[in-house]
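There is one chain below, alone, in structure tokens, taken in the form predicted on its own.
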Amino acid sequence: MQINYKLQDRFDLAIFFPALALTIIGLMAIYSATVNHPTASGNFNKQLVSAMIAVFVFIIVYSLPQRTFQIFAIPTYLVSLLLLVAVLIMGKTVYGSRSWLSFGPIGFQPSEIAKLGTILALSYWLTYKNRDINNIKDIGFALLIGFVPVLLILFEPDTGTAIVFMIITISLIYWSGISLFGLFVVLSPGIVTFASLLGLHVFIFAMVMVAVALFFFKRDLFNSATVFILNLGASFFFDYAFKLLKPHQQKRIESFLDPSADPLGSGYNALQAKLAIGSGGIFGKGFLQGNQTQLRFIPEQWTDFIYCVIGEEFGFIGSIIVLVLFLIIFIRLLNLSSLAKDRFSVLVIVGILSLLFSHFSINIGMNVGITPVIGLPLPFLSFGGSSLLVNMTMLGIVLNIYKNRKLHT
């Protein structure tokens, strides 16, 4: 009992075991989705090797001195930016995005490393010398740290990953104690931009709401006018950026608004995904028995639509188990953010939570048809060595913080 208590005091099993269970479920789903595939049958072995390497890296990161993450925060960020530039020059194009770097047989996505680098760099900047996040200069620099990777990733282009970086940046700025007005300034352009997607009347309504909010904030005329123009400019910039997107990316956004408008094209995956999940029933059709999965109705089902495999073959029960495992991780991460005794550690945990939750919510939403198909993997389950390695590295950092939480008391 004493040995078990010491283990729980230094190692958070409530995070590690759910993550490990999700990884095992993911391996089973990848095997089912690729076992009869003519070109992807080796993906299970690749993911299995990646999982073993990821657990090994997790152990190393868990064992490091906690100060290491602050020391390497800025270098990690700068290296990740260099890799994002390199991928634009010499990267490999996969699924329409130049997002992969290859060194011989080894390939990885620099954007995955950049997620970790951005979380560490933002957390370091927001806690360095007790900065006042309500200072315009500090807010601007924090946004710059978060949005430089966004710009580079949009050039690939990879819209889904860029959205995740935006969510991470806004989450960390919010958690740093930004005022309600500051949060409104950060969030309102995104809301207005989304409203512009839904038509002119919705866009006008959103701008009226911005004007009303500015009236109640009672700021001076210059600040209010600046924020209003910022919101107006955001919608026009999006319209311009939308025209720069590849045709297939435009189709994804349009099919999100109306999946039935192109059921054999951009809306095909979303419709087939819902069909696969719905056909699983309560208990599923059984491992390796899913019609949608084995007959390959959904292309690349082992990546973004891995949840369909689980829903079809393991049914409602299997789907709920996956959701519960994620929920345990999210709740525990939120609890750990209150146990950490230094602000840097708190923000790192919050950044990791926002990253995992954004991937989870968008990916599950893609599978059930409530978010656009923007190409985001489901953490720990989807095929992808880079993603799994970075996710386990981040959990290693979280458990390292948990292990050292009493050193700051």
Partner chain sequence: MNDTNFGSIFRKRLVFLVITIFFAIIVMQQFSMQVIDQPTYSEKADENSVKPIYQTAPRGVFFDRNDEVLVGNKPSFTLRITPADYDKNLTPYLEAIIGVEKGYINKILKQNENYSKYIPRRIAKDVDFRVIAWYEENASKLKGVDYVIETQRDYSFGITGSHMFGYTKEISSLLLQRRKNEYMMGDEIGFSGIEKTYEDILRGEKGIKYVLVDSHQKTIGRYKNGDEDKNAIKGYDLILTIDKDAQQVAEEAFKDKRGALVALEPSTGEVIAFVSAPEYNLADFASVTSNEIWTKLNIDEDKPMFNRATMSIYSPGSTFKMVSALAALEEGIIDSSYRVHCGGGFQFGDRFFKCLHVHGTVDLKTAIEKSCNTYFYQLALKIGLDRWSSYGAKLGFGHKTGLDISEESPGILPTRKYYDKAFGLNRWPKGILVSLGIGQGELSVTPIQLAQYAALFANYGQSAKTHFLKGYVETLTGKYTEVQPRYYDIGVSKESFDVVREAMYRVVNRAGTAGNIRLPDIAIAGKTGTAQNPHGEDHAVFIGFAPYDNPKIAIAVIVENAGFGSVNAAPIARDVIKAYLQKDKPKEKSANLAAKSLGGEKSAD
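Residue numbers count along the first chain shown, from 1. This is a predicted model, so every value here is computed, not measured.
This protein has a second form, the form predicted in complex with its partner chain, left out of what is shown; the following refers to that one.
The shortest heavy atom separation between residue 75 and its partner chain in the predicted bound form exceeds 4.5 Å.
In the predicted bound form, its partner chain lies within 4.5 Å of some heavy atom of residue 36.
Interface membership of residue 356, defined by any non-hydrogen atom within 4.5 Å of its partner chain in the predicted bound form, is ruled out. For residue 228, no non-hydrogen atom is located within 4.5 Å of its partner chain in the predicted bound form, even though that partner is not displayed. Using a 4.5 Å cut-off to its partner chain in the predicted bound form, each of 272, 330 and 368 places a heavy atom inside that distance. Checking 374, 340, 57, 27 for any heavy atom within 4.5 Å of its partner chain in the predicted bound form turns up a single hit: 340. Note on the partner interface in the predicted bound form: the residue among 108, 175, 181, 124 having a heavy atom within 4.5 angstroms of its partner chain is 175.
Segments offered: 158 to 166, 79 to 87, 281 to 289, 143 to 151. Contacting its partner chain in the predicted bound form at heavy atom distances within 4.5 Å is 281 to 289.
Of the residues in 343 to 362, those that come within 4.5 Å of its partner chain in the predicted bound form through at least one heavy atom are, in sequence order, 343, 346, 347, 353, 357, 360, 361.
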